[in-house]
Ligand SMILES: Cc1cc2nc3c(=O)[nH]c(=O)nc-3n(C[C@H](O)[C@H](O)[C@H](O)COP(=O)(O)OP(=O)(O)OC[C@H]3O[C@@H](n4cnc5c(N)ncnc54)[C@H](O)[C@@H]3O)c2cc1C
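In the form predicted on its own, a lone chain appears below as structure tokens.
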């Protein structure tokens, strides 16, 4: 159940405009509408579609999802308990997560969220790219990464026919890492982060396979070549930096527009939902004229700093170790619970 209950006779004074209809934008729009706030959401693309994403939700509580009002969209998400880590073709470790994670494709989840948002009365304008509006009260940027000349490329596809050793399988190497988990209908989400090699002579799915092979995971590359690939599921994103993103003056940024946590943490989707949960009370107060926009933004950004600074710093420190040769020892012997506490 969402946390807000407003008198139907009292109308919000201020409209909220959101740029970007991904997890953060859609979830925020839903939470605001449940509180009686008028919302206009602009999304540059169409629904449903595939996105580069680990499709693995770990670290967010059921209570937070219920407060936002989106738990119904995750009702059949698959619970994930077991994990395995691999370096190249060598299995390093098997274990179980302290708390189960949820797996669901963005293709399915985003479509459910946008349908719910429309049902609740969000003015959702697809195929609409909105320019940033610095210092404009009520404007929120949730349109994803801020393009830079960063060194990374993210690659993702859905495949069938893989045999995995755990419900979440992680593969690391000198050039990147990749996660595999089954999402729905027998499809496995294969999503990786690699150092972008613009000299590779490969396209589409072959680009993912070649990055996996060059990362030392030859057996996995062969398995991907023999697997069935879901039509239209391959996607790529390049040119971004990890960590806090460049801020726009006077603009509240949510989700990847605020910060991109290294994906090995499995915490990116959860952070988007957590940010919405933190932001909703102040945004509702602003919408009903109880607080000034600048005061609301300052309060929300302080909440973000308190909630996310430590895990972003910890993940940034651990991230380089994933590419080193000593990672074999690291992943064999590193205690799991303390590390998860640092990065979630």
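Residue numbers count along the first chain shown, from 1. Small disclaimer: the values here were computed from a predicted structure and weren't measured.
Not pictured, yet referred to below: the form predicted in complex with this ligand.
Student: Identify which of 284, 30, 297, 53 has a heavy atom within 4.5 Å of this ligand in the predicted complex; exactly one of them does.
Tutor: Of the listed residues, the single hit is 53.
Student: Between the options 291, 278, 314, 44, which residue brings a heavy atom to within 4.5 Å of this ligand in the predicted complex?
Tutor: Looking at 291, 278, 314, 44 one by one, just 44 meets the 4.5 Å heavy-atom criterion.
Student: Okay, which stretch from 261-269, 221-229, 79-87, 195-203 lines this ligand in the predicted complex, with non-hydrogen atoms inside 4.5 Å?
Tutor: Checking each option against the 4.5 Å cut-off leaves 261-269.
Student: Although the partner isn't part of this model, could you tell me whether residue 130 comes within 4.5 Å of this ligand in the predicted complex, counting any heavy atom of the residue?
Tutor: Residue 130 belongs to the contact set for this ligand.
Student: Would residue 252 sit within 4.5 Å of this ligand in the predicted complex, counting heavy atoms only?
Tutor: Outside the cut-off, so no.
Student: Going by a heavy atom distance of 4.5 Å, is residue 187 a contact of this ligand in the predicted complex?
Tutor: No.
Student: Within 4.5 Å, heavy atoms only: does residue 114 come near this ligand in the predicted complex?
Tutor: Residue-level check for residue 114: no, no contact with this ligand.
Student: Looking at this ligand in the predicted complex, which residues in 128-159 have at least one heavy atom within 4.5 Å of it?
Tutor: Result: 128, 129, 130, 142, 143, 144, 145, 154.
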